[in-house]
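Here we start with a single chain on its own, the form predicted alone, put down as structure tokens.
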């Protein structure tokens, strides 16, 4: 049965889901709305690992993504004068060798598949539209075959079969303002959702999918206020992202991290790009920052400047660049945890339903896996949409618990208040880099765990040498119903 589907959010997960749905059932009619006037191509560097790797291969997007990969080989920590304290490198993505991206590996931080958010959005949107074009071309060929069949059978009782084709449409500068669900008059089961857009239009859909991020408007409209307000679990960390013009000294394949006093940290990333990405992190001034998020960008920048003045390294350059940049974005970091991923015929995808936080390094991968499972269950269940949503919820729950586990424990360790805490971290990195890492790698996650914890450097080791996925962990399901073949 073809479905009339609305997806809110044209980031990564929404277009990927549309791509999968078009392949599995070309008769679906899919509309994707985006609140911005055009595709939001701003944003910082993101990575794809683990379950995300075979998915992008199945989507046929491997070559396009590899061609736009960021050239980052790892990270280094620097002190207040910019002097290197220690380096750590690439974390191999499971399946990376199948992407043709395996090179020399280091220890932790950088994934093998790193790409700018805007580049990835462009790739997945173009991929979904490419599928739509192929569907339309196939339908046109089918229509010609149908006309030939009719001509041949006109004098008999046989009937030709015309190929039906659905649509995929992107609509911009549009949001939801309300939605109401209705039930089947006979069975009482969910039957559809009538939505009102910011343009005052009203339309009814068989299914509404919220892929509109951590602060999802779809979630607020579809779930009770109590559930929507309580589902965000703050990590107590606030962050600002933006880009500034690069200097020759920025041109490095290493990300650089500086940890300062008063619970502040700065990170830069450049790779092979013309601009340098700036990341500001703080666990201080939370109340002032929350108030600023309701104000304009100028007011937000003023608060961040006040907090980060005197942070050390190239603080003045970074803050002057912030004042002039056009891609500033700030938010509170946390995780989204819901008792259910759907309510009636409204279902949540990616950060809207289960944001793991950037500190897991899994945001994009989680969104890709969620799109794969949701599309797979809808294809498998056919007319039983409610059964598909129930199964999606059940399949994803154990995965979400696994993805949202923070391997570092209390992140406050990396945000010291005073100089003593900074000294401990800086010297710990120095020692790890020069004396201990090679010896620890082979046994830190085995019998040596107790010793490392007793030495007081356990969290630092976990930061420099990320734990590999557990054997027997959540596995990406196979969905032959998607028509993409088996996962590699």
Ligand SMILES: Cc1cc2nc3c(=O)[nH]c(=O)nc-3n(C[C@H](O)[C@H](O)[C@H](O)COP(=O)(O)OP(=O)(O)OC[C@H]3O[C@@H](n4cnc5c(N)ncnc54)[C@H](O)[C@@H]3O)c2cc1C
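Positions refer to the first chain, counted from 1. These numbers were taken from a predicted model, which means no experiment stands behind them.
The discussion below concerns the form predicted in complex with this ligand, not included here.
Proximity of 73, 255 and 268 to this ligand in the predicted bound form is absent: no residue of the three has a non-hydrogen atom within 4.5 angstroms.
Screening 355 to 363, 373 to 381, 292 to 300, 306 to 314 for residues having heavy atoms within 4.5 Å of this ligand in the predicted bound form returns a single hit, 355 to 363. Although the partner is absent from this view, residue 68 stays clear of this ligand in the predicted bound form, with no non-hydrogen atom inside 4.5 angstroms.
Taking the partner from elsewhere, residue 62 is found to have every heavy atom lying beyond 4.5 Å of this ligand in the predicted bound form. This ligand in the predicted bound form comes within 4.5 Å of no heavy atom belonging to residue 432.
When this ligand is considered in the predicted bound form, residue 43 lines it closely, a heavy atom lying within 4.5 Å. The contact residue chosen from 117, 182, 134, 87 relative to this ligand in the predicted bound form is 117, the criterion being a non-hydrogen atom within 4.5 angstroms. Contact with this ligand in the predicted bound form, defined as a heavy atom within 4.5 Å, holds for exactly one of 174, 122, 337, 417, namely 174. Along 202 to 228, residues 211, 212, 213, 217 each place a heavy atom within 4.5 Å of this ligand in the predicted bound form.
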